[in-house]
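Starting off, we have a lone chain in the form predicted on its own, written out as structure tokens.
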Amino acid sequence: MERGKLLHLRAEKKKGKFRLDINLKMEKGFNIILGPSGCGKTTTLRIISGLERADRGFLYCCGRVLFDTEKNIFIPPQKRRVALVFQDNNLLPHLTVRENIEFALKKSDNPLDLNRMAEKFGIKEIMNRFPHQISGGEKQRVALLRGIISNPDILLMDEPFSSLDFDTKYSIMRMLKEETDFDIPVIIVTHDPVEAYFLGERVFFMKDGRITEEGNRETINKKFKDLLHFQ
């Protein structure tokens, strides 16, 4: 379902000596925030998800105001229809793969078809296994599907591939690009320009709490051509 996605975030946040001050406009599809550790990437995701509050600013998406400090509006995380995928997959160890994914379905009134998506994600054969019985790559595929299955308005990924080996990482990224047609803003934070190049339709370069530049895959290619000799 085409939902005319456009996300607009304006946020200021002070945390000790660190200050976040950003103005982001993002469209549907892959939006990459690329920057070093400690530059504010995860804080940005937490503000979008509602896990942290901005000192000043607003967030609009899908025709909804998720927060606006001037109007004293703050929609709590559980009502934002935002899914967050972490670096460590956070699967519940006492639940099977199917039960882990179905846990996310409880929060959705318009979920995607589980069996069809499980086949797309290549995990149909492991649905009755427990997390300790599957590989790291399979766990991350499950975590990604658990985020997507609820059919959120925004999908956030916090360094989702950093713990995976090279082959598994690019297998999953290729699957995301080829098998999943996102009509929502997907925001991925990473410090790895190779990941950003592979996935990025739009790239936002971040440093010291600010967006310093916006670009695309060609921008990454120019900045990091020595790292991208594999292409």
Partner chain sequence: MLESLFLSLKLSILTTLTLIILCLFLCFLLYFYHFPFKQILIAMFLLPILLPPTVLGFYLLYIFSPSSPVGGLYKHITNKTLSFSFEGLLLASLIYSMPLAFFPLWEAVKNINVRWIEIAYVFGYSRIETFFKVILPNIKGYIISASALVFAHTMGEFGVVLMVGGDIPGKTRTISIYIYDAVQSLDYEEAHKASLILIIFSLLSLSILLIGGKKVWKGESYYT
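None of the values given here were measured: they were computed from a predicted structure. Residue numbers count along the first chain shown, from 1.
One more form of this protein, predicted in complex with its partner chain, exists but is not displayed; see below.
Problem set entry | its partner chain contact in the predicted bound form: K139, any heavy atom under 4.5 Å | Judged by the heavy-atom cut-off of 4.5 Å, K139 is well away from its partner chain in the predicted bound form.
Exercise. Does at least one non-hydrogen atom of H132 fall within 4.5 angstroms of its partner chain in the predicted bound form?
Worked result: Yes, H132 lies within 4.5 Å of its partner chain in the predicted bound form.
Exercise. So in the predicted bound form, does L51 come within 4.5 Å of its partner chain, heavy atom to heavy atom?
Worked result: Heavy-atom contact with its partner chain at 4.5 Å: present for L51.
Exercise. Might I123 be said to contact its partner chain in the predicted bound form, defining contact as any heavy atom within 4.5 Å?
Worked result: Looking in the predicted bound form, residue contacts with its partner chain do not include I123, since no heavy atom lies within 4.5 Å.
Exercise. Hey, of 193-201, 22-30, 58-66, 43-51, which bit sits against its partner chain in the predicted bound form at 4.5 Å between non-hydrogen atoms?
Worked result: Every other range fails; the passing one is 43-51.
Problem set entry | Interface residues of 129-156 toward its partner chain, as seen in the predicted bound form [heavy atoms, 4.5 Å] | The stretch touches the partner through F130, H132, R146, G147, S150.
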